[in-house]
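The chain that follows stands alone, in the form predicted on its own, written as structure tokens.
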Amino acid sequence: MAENKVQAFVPEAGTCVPWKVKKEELGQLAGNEEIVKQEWDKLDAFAYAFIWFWVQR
């Protein structure tokens, strides 16, 4: 078996990649983390809506 398993997760409804997962990818952030989180949440919500737009067609 492969030792490098990708850790699977089920995102919460309305999200693609939750902030807690993205934060683990980014590591330590310089500056105000709350600002980055707010912008990530906006981008993630847009991505979710975009995907659903194409799924519903």
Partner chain sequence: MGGKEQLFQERFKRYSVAMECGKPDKVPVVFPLGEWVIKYSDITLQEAYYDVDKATAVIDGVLKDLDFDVMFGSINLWWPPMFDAVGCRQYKFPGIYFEADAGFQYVEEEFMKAEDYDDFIANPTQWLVENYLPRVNEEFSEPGSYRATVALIKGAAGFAMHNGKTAQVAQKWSQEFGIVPYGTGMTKAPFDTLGDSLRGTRGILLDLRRRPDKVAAACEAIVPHNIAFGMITSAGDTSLPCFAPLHKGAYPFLSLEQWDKFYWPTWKKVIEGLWALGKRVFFFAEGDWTPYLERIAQLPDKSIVFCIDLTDAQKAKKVLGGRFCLYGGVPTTLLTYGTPQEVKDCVKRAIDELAGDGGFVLAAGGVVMGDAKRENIEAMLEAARQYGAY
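Just so it is clear, the model here is predicted, and its values are computed rather than measured. Positions refer to the first chain, counted from 1.
In what follows, reference is made to the form predicted in complex with the partner chain, a form of this protein that is not presented.
Contact check for residue 46: a non-hydrogen atom falls within 4.5 Å of the partner chain in the predicted bound form. The partner chain in the predicted bound form comes within 4.5 Å of a heavy atom belonging to residue 13.
Within 4.5 angstroms of the partner chain in the predicted bound form, the stretch 29 to 57 places a non-hydrogen atom from each of 45, 46, 48, 49, 50, 51, 52, 53, 54, 55, 56, 57, taken in sequence order.
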